[in-house]
Structure formats: structure tokens, C-alpha cells
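Quick heads-up: it's one chain on its own, the form predicted alone, in C-alpha cells.
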């Protein structure tokens, strides 16, 4: 079986904030032949090219276009599998586009296995008005899932913070982009720092920390309308927001008594419940996929380490999870709940690490010296994180199988990435 290496959404739009540089990809990719889709030429060409780019960006597919094949075939034409095997093709994609106009587009596509000589998937996707690119990403994700067994993330989105200069003043932007770097939006622009962006489970709202009031405050903002509000109105510093899996609660760090503690905010009635009570700093909370546990960073053992607290047990003591290294922080659960990904300092270098719950050791995933802020893809296979290179902040990524990429900014610095959930 071929290794599954998913190189996340990667930005190729040269006018966008980020530009992809793949540094390591699969040495044994799936070879897929993609015929030009039947249908109205302009729309067909656009959708076909987006699908090809999505699959190539994963690092797991080698794509053959129509002009590289022995013969062009229409959607309904019977396949000559032998011709494809001569080219080393594993899979074949054919499709047809029904488009009355840009407001009404439907894509039907079939995937064939050239070795087994049979159709393995037949799908029809109805487009959203004026969302041709998103329609193409849905097709790409269907192809990826059928062949690799993992859900694709081409149709997901990413938050990140950019920092630049306007004259001599620093300008911070909270940015939203599609998986391929297109459709960039500035959600917030400020002369004050923005940190810790986080998605709601339905990916309709976000939470983040802004210093615009002079204090660290958590804001909740709706993506569609842009409306936003302060999560907790008080005189204290508040940071590190994280939504519960059901979207009803927000865990956060509150400095109410002069010390950082974890609280849970009921988003409906705004009641705060204190979760930790210790003289050390407790911060950077995240929820388990089932919402039954919370993971956080604490200095209660003398150095920053990761602890887990069971929300279903009354007055339970936090359980320490990490023992390797003298610094483990900023952790998140894998979507499968099989382990955690976090920042680890070992021998003076900060790296992204992985620890499975059924193992008593952690695995370093990166090789840089100042890696931070890991965010996990919704399929659990890729981690994007922030690095420093020549004193400039940029993003990089690694798969659990070891493939790597970098996302330098075309202008300014970028940091604090946060991956959305599935949008469909």
C-alpha cells in the first residue's frame, strides 16, 4: 500500500500572502490520468485545472493531463485500460459539467481503477452560485478520499496572523484564505497585536485575542457577517480561547486573581466556571474530540508540561501527560483522539512533537529550532506551524508520514495558523 502523504492546502497564488515551497513529497505517488471535463469550455477548463492543482499539491499524486495521454476520451466513451497501464496510470478521472451559467453548475465525475479495470466511484456535486472554485475543491476531496481512504482538505480554510509595516507603524491582520490561497479576506486589521485564532466546530465563528483595548481580550466573530463581540466583559486579561466540540462553551485563560487559570465560559448565559486552581501558570487549553477532557499547559511541576483534566469526574486532579524534555506546551488532540501534538524544547531547540497515548515517549516531527503554534488538519494527517527563518516568521508544515513544505510570505511575516474544520 502506498504511503499517504497529504501536503495540506498549500498556497500557489502569487498575489496572495503565502507562496508554497514543497521541500519533500512522496517518492511513490499515485499516478492519475485526468481527462478534460466535457462541457462548456471556459468553466470546464477552470474546474479541471483546479482539480489537477489540488491533487498535485498534496505531494501524493502524479497527474497526467489529456495532452499526455495516448488518446482523448469523452465522458461516456468506454475505456481502453491497457493504454493507461502502458503509461503506468493507476487511476483515471473523467467528468462532465452541466452549466447553464455561473450560477448553476453541476459536476458529474467517475473514477476508474486501471489495474482492476472497473469504476470505483461515481459522484455528482451541485455547485454553490458563484463558488466555482469551491465546487472544484469538493471534487478534489472526493477523489483524494476514494483513493487514499482519508478525507481531503482542499475545501477547508485557514486563519493566520500577518504582521507588517505601514510607514513606521506595525499593522496586524487576521487573515482568512481558501485552501489554495485564493479568496483571501482580512477579518481584522489593527495596530495592536492579534494572537491565538481559533475556529468554532461548525467553522462559522472564530475566537481570537486582540490587545486593542489595552488589555488582552477574547473576541468572538462571525465569518459571514463580520459582527463581533467581547467574550467576557471585565477588567482582567483573558487569552487562549478554544471552542468545545459542541460549540456551547469556550475554554480560556483568565488572570482574575493575578494568576493564569483555566476557566470555561458558557456561551449562552456567559457564566464562568473555574477549572484549575494552582499558584503556577495554567494556560493554552484545548478540548478532546469528545468534549470530555481538557488539555492544558502548566508550570506546576517546575517547568511547562502538559496536563489533562477529566471533566466528567468531580474534583479530579489534573493528570500529567508529558515527561520528555523540560518544556512541552501548546498542545492539541489528534481528531482520532489517539494522541496529542505540541511544542517541545529539547537541548535548547523548539520542535513540533507527537505523543500517542499508547506510548510512553514522544516523537519529534520537525527539525527547525524555533517551531511554534501547531495546528492539525481536520483529517488528522498534517500539522501546520510557525517557524523563524533568518529572524522572519513564516509557516511550514509536516505530515505524520514525514512529508514537508514551507509557506513563506510574499510580504511581511506570518504566524499563528489555525485550520478550519470540514466545510461540507
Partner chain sequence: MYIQSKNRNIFYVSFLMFAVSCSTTNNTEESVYNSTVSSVEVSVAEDSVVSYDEKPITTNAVVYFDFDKFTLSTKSIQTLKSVVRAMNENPDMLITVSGHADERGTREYNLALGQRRGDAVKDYLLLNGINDNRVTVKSFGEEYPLVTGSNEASWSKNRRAEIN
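Here the structure is a predicted model, which means the values were calculated and not measured. So that the term is clear: the rigid core is the largest set of C-alpha atoms that superpose within 1.5 Å between two forms. Numbering follows the first chain given and starts at 1.
Form predicted together with its partner chain: not shown, discussed below.
- Against its partner chain in the predicted bound form, the set 162, 317 and 360 makes no contact: no member has a heavy atom within 4.5 Å.
- Residues placing heavy atoms within 4.5 Å of its partner chain in the predicted bound form fall in a single listed stretch, namely 202-210, out of 286-294, 262-270, 202-210, 81-89.
- The partner is absent here; in the predicted bound form, the one residue of 190, 337, 104, 234 having a heavy atom within 4.5 Å of its partner chain is 190.
- Only one of the listed residues (220, 275, 96, 176) places a non-hydrogen atom within 4.5 angstroms of its partner chain in the predicted bound form, and that residue is 176.
- Contact check for residue 36: no non-hydrogen atom falls within 4.5 Å of its partner chain in the predicted bound form.
- Its partner chain is not shown here, but in the predicted bound form it comes within 4.5 Å of a heavy atom of residue 196.
- Of the heavy atoms in residue 247, none are within 4.5 Å of its partner chain in the predicted bound form.
- The closest non-hydrogen atom of residue 346 lies beyond 4.5 Å of its partner chain in the predicted bound form.
- Heavy atoms closer than or equal to 4.5 Å to its partner chain in the predicted bound form belong, across 118-142, to the residues 118, 119, 120, 121, 122, 123, 124, 125, 126, 127, 128, 131, 134, 135, 138, ordered by sequence position.
- Core-superposed comparison between the shown form and the other one: the Cα of residue 259 travels less than 2 Å.
- Relative to the superposed core, residue 109 undergoes a Cα shift of 2 Å or more between the shown form and the other one.
- After superposing the rigid core, the Cα of residue 384 is displaced by less than 2 Å between the shown form and the other one.
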